[in-house]
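Given as structure tokens, the chain that follows is alone and in the form predicted alone.
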């Protein structure tokens, strides 16, 4: 049996217990996961309290969307902590770590696939955009996450990893176009442009960090270790999810009259916009 086939067999035989031991032995990786779980738990309780007095359908929809962000995150990060959504991958020829077993916390892509659409849903509701534009942003975002997962999991070809990375970035460009070009005008008409502008910039700047980390981490050119990359992702998640959702929900709770109307037929029940 060749060395390559032996390595491949080892990867296939790696158990969930082996993965869990590897996670627990890596302080940076393990702490980046548990800190996020703890913060998500606190944020869930905080958001329940912040949204308890909301009455208008549109404001409640925004609240539900923001609540789902930490709910998805705590579930997904628990999967990472248990080793359920983490595995060893043998990097293909041409990769900086070619032939080596690399720990891949691929479950993060599940987090992003289910939580980032909720962020866009909340932003779209805030901007009072139309259904077609909202559908476009959310589907492009899901495409971005799924192709990013493909880029991370491909072990047959180094080139194809970067091909899928490029496709994922193309989906991301479509999302950026909606956020930066289409929705600001909608938010201006809805009277939510000030808070939307803040959240738009926060989202765009932080989301740009994810493909950069992918390229620099073990999935890309391997300049950063798995633990450092994981903390980078966790830090971005904390800011792009929890801080974002807190700022949005706080503003909605204080300005419910502004968001009580809707021009796209979702969340208002046909109510007329109310004065702040």
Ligand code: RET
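Because the structure is predicted, anything quoted here is derived from the model rather than measured. Residue numbers count along the first chain shown, from 1.
Unshown form predicted in complex with the ligand; subsequent notes refer to it.
S.K.: Does residue 115 make contact with the ligand in the predicted bound form, using a 4.5 Å heavy atom cut-off?
M.R.: Looking in the predicted bound form, residue contacts with the ligand include residue 115, since a heavy atom lies within 4.5 Å.
S.K.: Residue-level question: is residue 232 within 4.5 Å of the ligand in the predicted bound form, judged on heavy atoms?
M.R.: Close contact is absent here: in the predicted bound form, residue 232 is far from the ligand, nothing within 4.5 Å, heavy atoms only.
S.K.: Using the partner position in the predicted bound form, report whether residue 105 sits within 4.5 Å of the ligand, counting heavy atoms only.
M.R.: Residue 105: no, not in contact with the ligand in the predicted bound form.
S.K.: Can you work out whether residue 251 and the ligand are in contact in the predicted bound form, taking contact to mean some heavy atom pair no more than 4.5 Å apart?
M.R.: Although the ligand is absent here, residue 251 would stay clear of it in the predicted bound form, with no heavy atoms inside 4.5 Å.
S.K.: Going by heavy atom distances of 4.5 angstroms or less, which of 169, 74, 140, 89 would be at the interface with the ligand in the predicted bound form?
M.R.: It is 169 that has a heavy atom within 4.5 Å of the partner.
S.K.: For the ligand, considered in the predicted bound form: do all three of 144, 237 and 241 come within 4.5 Å of it, counting heavy atoms only?
M.R.: Contact check passed for all of 144, 237 and 241.
S.K.: Given a 4.5 Å cut-off on heavy atoms, tell me which of 210 to 218, 223 to 231, 50 to 58, 34 to 42 is the interface stretch with the ligand in the predicted bound form.
M.R.: Contact-bearing stretch, as computed: 210 to 218.
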